[in-house]
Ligand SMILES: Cc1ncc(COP(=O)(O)O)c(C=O)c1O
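Given as structure tokens, the chain that follows is alone and in the form predicted on its own.
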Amino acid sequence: MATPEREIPTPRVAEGDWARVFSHHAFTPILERAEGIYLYDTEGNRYIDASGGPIALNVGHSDPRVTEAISRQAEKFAYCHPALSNRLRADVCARIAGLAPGDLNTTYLVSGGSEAVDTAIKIARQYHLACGREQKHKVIGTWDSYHGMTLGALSVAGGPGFRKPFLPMLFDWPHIRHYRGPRERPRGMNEVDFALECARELEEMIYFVGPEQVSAFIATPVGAGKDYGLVPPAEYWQTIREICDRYDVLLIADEVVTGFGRTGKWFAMEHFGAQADIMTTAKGISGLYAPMGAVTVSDRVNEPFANGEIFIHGFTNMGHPLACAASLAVLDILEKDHLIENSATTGEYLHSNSKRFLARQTIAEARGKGLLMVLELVRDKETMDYFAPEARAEEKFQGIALKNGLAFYMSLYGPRRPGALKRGMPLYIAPPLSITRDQIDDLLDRLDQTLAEWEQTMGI
């Protein structure tokens, strides 16, 4: 446990060299080193990486097998000249083909999740052009979703806080609501019927937009935005799949967060018995040891390109050799250390502790699967009110958590959400997949202490 003498960290003041960092929001502790699930600052304090960075570290920090793979590759060449073939690029794509469900067999490598989403949108468009469906260009997204920060990713996303400054620059593409949880389910309606009703909103939108114009539908497998981590019944995604097939609309599953074991399977869509046409991944594919993302497509989508259609696209760092070396090592570790299985079993243990937190007035809901748990923080779960922005509730929570040896990735939903929506602030528990039960117990004990101190600070 954290020592009582440790002070509560505060957000860093932009002064000295830190003033040269544009729009910097970190807290004062300076990271010195990291190992396994732990972070160590320059003062010798240790923190559990409770959220795996930005829900991304599927293997632990500083694993020598990964750092050595990167070093070995750097000694050979750090970048492959575009006129020559990069063997590691083919190796990574082949490994993904062996792991991805169904006939998702061909991959385009990029250097992050936002790039992956933009690439998926372009693949869908050029696929339809190659098939003679020239009007198909609109991508339907879901309200309150997040798919990245490029203008293309923001166009399909639905989170108003991120979109608002750029609205004149975004594509005016349609959105529907994602699957919603029991709070929005009409009284007397069972879960499956409600899931089917949610899924049919896609068919209605395709009808009103015009099937001849809709290129693709993109969504995250387990909830979005305010409902992130919400797991729908399998019938939801199976119905979405049927609707997409009916109207020649490609299904894009954004697995940037959920891919490579986070939910207890290699990919979250495997829980639902439905395969996407295009799958975007990043984060866990390289464990953030190097920037890496990927777009994996089905044999049907790949066919025109395999037959000579030229894909007009590209990035300087796509398939970067050092990122490929990191990715191959990470995929080896996920398999050899049985981390996907550990995500399922240890994740089940994590979720079995949810009642401990749901007993609190400030925890409205616990959602997720595998080593992805989302706790929804509120001021009062009876009214579902949250704190006013000037209360600085998130900042205070972060500082107290760091004092207690926990480092969280917090969203900005809570303090910026209109009160009418009655939703709280998601708290992501998504540690490296190597975490043990004993470490889970330590994490949860520290979280309990943090919540108690935070509630007292907030006057609850």
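Residues carry their position along the shown sequence, with the first being 1. Note that the structure is predicted; figures quoted are calculated from it, not measured.
Absent from the display: the form predicted in complex with the ligand. The rest refers to it.
Colleague: Looking at I123, V256, V295, L331 here, can you tell me which has any non-hydrogen atom within 4.5 angstroms of the ligand in the predicted bound form?
Modeller: Only one option qualifies, and that one is V256.
Colleague: Exactly one of T220, T142, T263, S215 has a non-hydrogen atom within 4.5 Å of the ligand in the predicted bound form; which residue is it?
Modeller: If I apply the 4.5 Å criterion carefully, the residue I get is T220.
Colleague: Closest heavy atom of P321 to the ligand in the predicted bound form, within 4.5 Å or not?
Modeller: Taking the distances in the predicted bound form, the answer for P321 is no, it never comes within 4.5 Å of the ligand.
Colleague: G284 versus the ligand, in the predicted bound form: is there a non-hydrogen atom within 4.5 Å?
Modeller: No, no contact at 4.5 Å.
Colleague: Any chance Y386 has a heavy atom within 4.5 Å of the ligand in the predicted bound form?
Modeller: No, Y386 is distant from the partner.
Colleague: Contact between G112 and the ligand in the predicted bound form at 4.5 Å, heavy atoms?
Modeller: Close contact exists here: in the predicted bound form, G112 approaches the ligand to within 4.5 Å, heavy atoms only.
Colleague: For the chain seen here without its partner, which of 300-308, 142-150, 76-84, 240-248 has a heavy atom within 4.5 Å of the ligand in the predicted bound form?
Modeller: In the other structure, the partner sits against 142-150.
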